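Single chain ahead, by itself, as structure tokens, in the form predicted on its own.
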């Protein structure tokens, strides 16, 4: 008999409002042991409120919070086996690095010898083994964030919550810290719930991504699932870039606005009526007008409006014959020197790169064997 794993953290039917405004709407999420989940969404989507409810800093209006199977909805933060790393580090300025990291252990009356051992291990884990005697004011932003992480992990929480912990760092340090955070997670195996508005950060770090919008969950899945098969146009736009084209389907046959046939992935049929067709910029290829496309390729005539060199890639912007603006992300070898603004081109893409939504865009219009792909 196969035993089912009990989630480390369960948020079940969470509702929350402030001063008459609904911030969370029936949000449910399970976080498995050792998993790294990113909660991704724009400002005001409710992601930080969800984190505060998981931590116990806010109480839900309705719903349940379970930690390793135990209902902790009414349990105060200090009695939950959860620690939080904040955006502003929240280090005690009058304490040394060692004392900052040791603070939680001493409050729990852990023996001094064990405190010394565990603080040393935590500092070594974040690569700052010799920083114990230093003061927080002498540390860089990245170093302070590592100390905050060590202080949280030294308590060996069941779940570690991270509230946009890298957003105050500059780009180079932030990317370095992403790698460090991934390494630390792999070493300690602690369950991480990470809130961010940065889609690149979520894609790099997380095992699964939860995309939030207006207090609800739009989609939960791996980075590849969300990027390749977004459930809604909002998810498609928020995670990566998307070109949007107009289309029409009738009798199971789909066409673009210019009348060209629209080829879809195998086994997928479009909804009847007006369509929103999505293609990622990097999935487009540029060919000369008159080029013959393959049997499962889509083709769209356009005129180049701008070419922007970006080092390892070049962005070609164009406008279709039906007035839609599109962007193509090309490698150095894909952009011939003869291509200039005003050049007539053919944009090609494979059927597997095509996304289709109904005209309202409220849900993914793709159907596979008669079932809605959610």
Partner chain sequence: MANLGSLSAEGPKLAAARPRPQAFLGLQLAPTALLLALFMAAPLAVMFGMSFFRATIFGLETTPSLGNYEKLVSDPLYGLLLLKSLRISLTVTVLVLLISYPVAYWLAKMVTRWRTALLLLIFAPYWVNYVIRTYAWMPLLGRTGVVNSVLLATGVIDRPLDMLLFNEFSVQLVMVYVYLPFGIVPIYLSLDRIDDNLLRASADLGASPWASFRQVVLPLSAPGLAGAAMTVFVLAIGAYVTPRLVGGPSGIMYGNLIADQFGASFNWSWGATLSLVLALAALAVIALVARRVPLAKVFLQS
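Positions refer to the first chain, counted from 1. On a predicted model such as this, the values are computed, not experimentally measured, just so you know.
Another form exists, predicted in complex with the partner chain; not displayed. Remarks below refer to it.
- Put simply, residue 93 is close to the partner chain in the model of the complex: some heavy atom of it is within 4.5 Å.
- At the 4.5 Å threshold, heavy atoms of residue 234 stay clear of the partner chain in the model of the complex, well away from it.
- The partner chain is not drawn, but in the model of the complex it has a heavy atom within 4.5 Å of residue 104.
- By the criterion of a heavy atom within 4.5 Å, residue 244 is excluded from the residues contacting the partner chain in the model of the complex.
- The candidate spot formed by 19, 83 and 88 is fully in contact with the partner chain in the model of the complex: every one of the three has a heavy atom within 4.5 Å.
- Checking 248, 260, 73, 155 for any heavy atom within 4.5 Å of the partner chain in the model of the complex turns up a single hit: 155.
- This chain appears without its partner; in the model of the complex, the one residue of 142, 77, 281, 265 with a heavy atom within 4.5 Å of the partner chain is 77.
- Note that among 206 to 214, 93 to 101, 168 to 176, 187 to 195, the stretch whose heavy atoms approach the partner chain to within 4.5 Å in the model of the complex is 93 to 101.
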